[in-house]
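So this first bit is one chain, no partners, the form predicted on its own, shown in structure tokens.
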């Protein structure tokens, strides 16, 4: 718990930065747009329609879409900026719709009376319509506030730290304390901000000037704090800093800690870990020099990025092809292999496999029609799955997509019969699962490889040399033990990484 609470100030500040500035811009856009709509009725359907369409896009997808969109425009594609834009878009609809509804609900007789006493359109808006519509507008802002706080937790996969870091890493490492801290902190933040908006509205409507000034001062202090911290972060961005990326599973968290600590010890360079990145986000960030190094897998590059056939591939051929592709197409250096493979694999409970007489994937061909297979979010859309289906003629009764942190538990409890496991995952042994032999070689080799971005290759040969010292130091059994120590034994990622580095230095 103490370790999690130590992270809270940084994550909470980052979450506040995203939420407050997204709400500010969302409000500044939505209220004038709502006023404009009430003055030009033909705008109502198209503008509200566009806002509604944006709202129907799943929030994580909306944030993820910002990454390639900004990259195509030449802007920074991960971190605060894409998350901020996504949150602004997501905050608009409640405020916009309530502004329109509030203004349309103003008694026309009162507007006519204001016109009759000679008020200009601007005066009628400021002195009559907006004050009367304010309760409805504030209700929209309160709704948007709660939504934005919640959606901001999903900014982690696009490289923007938030309270979502607790949730993503906690789910993957089965650290329920981290998940609870993240959820409770996000809920408390939503309640506090919602309360501030309510208090401001109540003070203004009841014309309590002292109360109004106090609430405005509190809100101003929050914006001053978040603005100052954001500017400080931007000003202190250190080009000498080595940014280590990590995807969204335990093994990646451990390896990023190992690389970060090793780089710092050997070269003295300051390092920063950017964790829980989406798979494509990590690669795009590397080639754009927004992160400097991370661990990927040769099969992922081969099948997903290079679009090569996965069946009957040679390990050396895949590594050589991946190295050439990365260098020639993206200026990325394959520093070396860590010494183990973490391949996709089909696995099932050992007792069930024994009862069905299953030891190989081909043994599933007959019983598959009565079985359910579970896979992570990517698996059923990947070339490897298509190759497995084609090579073994598999037709399962049901396919279920789920978070990778839940697959093993689902298999162990009998909720699914087969899962798309990762070969070095410690939960394979923890849940007594049997990895089925891929005798036709439908799944390509998945060597864990260190990838260094163009800037690191050009400017920091000392860091590249330090990273080369890690090649060949981790075998599959050792990686499985480290994963299990975190996932099942509750060890901290940092302590597991430090223990490994002590072992290889002794």
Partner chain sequence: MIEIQNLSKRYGDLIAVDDLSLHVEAGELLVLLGGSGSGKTTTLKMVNRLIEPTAGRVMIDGQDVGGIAPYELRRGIGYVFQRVGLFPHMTVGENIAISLTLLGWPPPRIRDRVAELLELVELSPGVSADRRPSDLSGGQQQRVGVARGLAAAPHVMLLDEPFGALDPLTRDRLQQSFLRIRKQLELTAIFVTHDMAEALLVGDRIGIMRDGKLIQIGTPRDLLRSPADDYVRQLIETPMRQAQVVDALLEDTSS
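Model, not experiment: these values are computed from the prediction. Residue numbers count along the first chain shown, from 1.
Just so you know, the form predicted in complex with the partner chain exists too; it's not on screen, but the next bit is about it.
- Contact annotation for residue 116: at least one heavy atom lies within 4.5 Å of the partner chain in the predicted bound form.
- Not displayed here, the partner chain is kept clear of residue 328 by more than 4.5 Å at the level of heavy atoms in the predicted bound form.
- Taking non-hydrogen atoms only, residue 235 never approaches the partner chain to within 4.5 angstroms in the predicted bound form.
- The partner chain is not shown here, and in the predicted bound form it never comes within 4.5 Å of any heavy atom of residue 366.
- Residues with any non-hydrogen atom within 4.5 angstroms of the partner chain in the predicted bound form fall in just one of 273-281, 145-153, 199-207, 90-98: 199-207.
- This chain lacks the partner; the member of 324, 127, 386, 354 within 4.5 angstroms of the partner chain in the predicted bound form by a non-hydrogen atom is 127.
- A heavy atom within 4.5 Å of the partner chain in the predicted bound form is found for exactly one of 231, 109, 224, 72: 109.
- Contacts between stretch 131-155 and the partner chain, counted in the predicted bound form as any heavy atom lying within 4.5 Å, involve 131, 132, listed in sequence order.
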